[in-house]
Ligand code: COA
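For reference, the chain that follows is the form predicted on its own, supplied as structure tokens.
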């Protein structure tokens, strides 16, 4: 009899079992999907380790399970996986717990109430948890771990911060340590109402955007890029690409123009380190693309944009868009961006202020192109103008740098042949 344990999912958090695809007694083939699990932003299937027969299922729809949990029994003579080590399920590997030897400074609202002398007790938290703690300014020695062997999880950090904020709200507001909250209102007194729970993606997005807006001093620079010639070229090539089943959108040209500008201004392709004293310059160009889905906003990453052709980028954009709307993105699909684009050109609008996707230091917003009269020196001529909005972290980038950067992008889009040089 073979015991099957949940393989490495790339997350320390519990996953929800949303579908059981087999029954006891079913004969399955190797790599056939057995169960479907759901994380914060993606779903994943657990495959059969080999061909055989399911003899027992130890989970049910609605169960919350973690890496190493027993999920089924299988005909055979060996154990598949162990509670400690399992084969990966096409996601990032679980991070090895390491003692925290030096904690970050606590967030401002916690200074008076949570600082304690450091002790020598080893604390266990994965690198992503420690990064989250540093980003939020949380002292891990003050966090109670609820994971296996008192391992600190991201949920523990969130609960710790929530507790600090709630306590801070009881302090006098004039001290600067309290945060205002919305009053509780019974809206039904004004008329009929309906309460609808936010999706998990929207809840997570709300947390991330609130954090990003508070931590990074945002400034936004705007420009209209003349894409008349670019659009003429794109349309002239569309028929050729259509025959190959490829939709050549303006976004692929914007990505190429962006990468060219990033190479000329590497400060924009960077991140502040945890101390805030150093800038980490990245020698790769992985572009996050914000995708609107029925459940909320997700940001899959297109890797090595500088090394890919227009057709390859067009294919990958279509693929990640389809996966995003089908909730098939994995954690790996949404990690590692060096810059982000948020495009609303297909919807409309003239400009907006996109929120920086930390740890990126800037984000490019794209609105809907429109024909506008442009003075060419002798007369007004109709030109197709694309509104661009660049939000940037003012701790890293000053206004003059941002202005030069967005002008560079606009120049590449206006004179598309420059991208070939």
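All values derive from a computational prediction rather than experimental measurement. Numbering follows the first chain given and starts at 1.
From this point on, the text means the form predicted in complex with this ligand, which you will not see here.
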TODO: Would you point out which of 25-33, 55-63, 392-400, 363-371 contains residues with a non-hydrogen atom within 4.5 Å of this ligand in the model of the complex?
DONE: 363-371
- [ ] Identify, from the list 321, 137, 336, 145, the residue with a heavy atom within 4.5 Å of this ligand in the model of the complex.
- [x] 321
Open item on the list: Please identify the residue among 305, 246, 317, 262 with any heavy atom within 4.5 Å of this ligand in the model of the complex.
Closed with: 317
TODO: Kindly indicate whether 216, 288 and 358 are, all three, within 4.5 angstroms of this ligand in the model of the complex, using heavy atoms.
DONE: no
Open item on the list: How about residue 297 - does it come within 4.5 Å of this ligand in the model of the complex, if we only consider non-hydrogen atoms?
Closed with: yes
TODO: Answer with yes or no whether residue 251 is in contact with this ligand in the model of the complex, where contact means some heavy atom within 4.5 Å.
DONE: yes
Task: Contact label in the model of the complex: residue 46 to this ligand, heavy atom within 4.5 Å - done: no
TODO: Answer yes if any heavy atom of residue 292 is within 4.5 Å of a heavy atom of this ligand in the model of the complex; otherwise answer no.
DONE: yes
Open item on the list: Just to make sure I understand: among 331-355, which residues lie within 4.5 Å of this ligand in the model of the complex, judging by heavy atoms?
Closed with: 342, 343, 344, 345, 346, 347
